[in-house]
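What follows is a single chain, given as structure tokens, in the form predicted alone.
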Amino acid sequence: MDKNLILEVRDLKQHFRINDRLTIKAIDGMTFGIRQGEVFGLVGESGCGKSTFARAVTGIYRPTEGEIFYRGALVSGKKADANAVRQRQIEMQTVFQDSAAALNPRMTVEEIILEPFRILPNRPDAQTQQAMLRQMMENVGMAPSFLQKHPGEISGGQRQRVAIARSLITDPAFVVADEPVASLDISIQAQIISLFQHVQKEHGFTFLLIAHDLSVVRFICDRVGVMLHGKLVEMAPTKELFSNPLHPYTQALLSAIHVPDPVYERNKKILEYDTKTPLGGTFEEIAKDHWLLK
């Protein structure tokens, strides 16, 4: 096992049995790792399994098959290391896509941001928490006057900043952001992504960014994985993936990126890929055949 990996999944499967004749294979055999301190982007069309993957690695879902390792210790299945599971719970935080649903409408901004301290075995005293709270509000660009407001009294972009502050207040080692800007206006998206980039460089946490906007991923990520039908079909360093995509599905995705140039937009050719076509093998088999595993 690579000692630089903070998270590793091996042949991970997450299936949902609907009835005797229908089983949804949301994740159908994923094997890869995320290195300590890197920003990893996971992209793909809606319904490909990105959010399910986030819920599996954070422990919300119990995997149907396969293994999940955190800092080299098994954290899934009946043989999971209890200490490692607890460590993951403390060190891993999630920023959800829908901030309106993720924040308790009855709690104030202050109560929401300080809530993660409840799970810490050695939480700081109240005075230290207040100092950390005000510093975090400054980090996410919000005035102290917002602390006594409720989620319904602030905008969508401000709610997402509160969600980010809540995820970072305990100084996590690993942050999972599940399409954190998908529901925001373009101008607010840019602010939130710049904020993520700033705090990630400052705190040095490992960052799994799940998105469908390839422009965002290109701007912030070190490596990118492309998902289709619950499988990884391509993974490479960001620059290499965008300059030389090898899988036809990745090529189709990149061809559809919007560019702020009307002349280019009128003349560009969008490639088509039939997503109903079977992939024809596991990720490792595809990688071996097409040199997709970097």
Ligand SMILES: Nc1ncnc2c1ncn2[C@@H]1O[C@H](COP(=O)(O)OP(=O)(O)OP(=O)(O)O)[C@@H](O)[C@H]1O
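The shown structure was predicted, so the numbers you read here are calculated from the model rather than taken from an experiment. Numbers follow the displayed sequence, beginning with 1.
Below, we refer to the form predicted in complex with this ligand, which is not included among the displayed structures.
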query: This ligand contact at Q36 in the predicted complex, heavy atom, 4.5 Å; finding: no
query: In the predicted complex, E179 touching this ligand (heavy atom, 4.5 Å); finding: yes
query: Touches this ligand in the predicted complex: C48 (any heavy atom, 4.5 Å); finding: yes
query: S99: touches this ligand in the predicted complex, heavy atom cutoff 4.5 angstroms; finding: no
query: Non-hydrogen atom within 4.5 Å of this ligand in the predicted complex for each of L5, F40 and K231; finding: no
query: In the predicted complex, the one of L253, A236, A26, I68 near this ligand [non-hydrogen atom within 4.5 angstroms]; finding: A26
query: Option touching this ligand, based on a heavy atom within 4.5 Å in the predicted complex, out of H198, K149, H212, R134; finding: H212
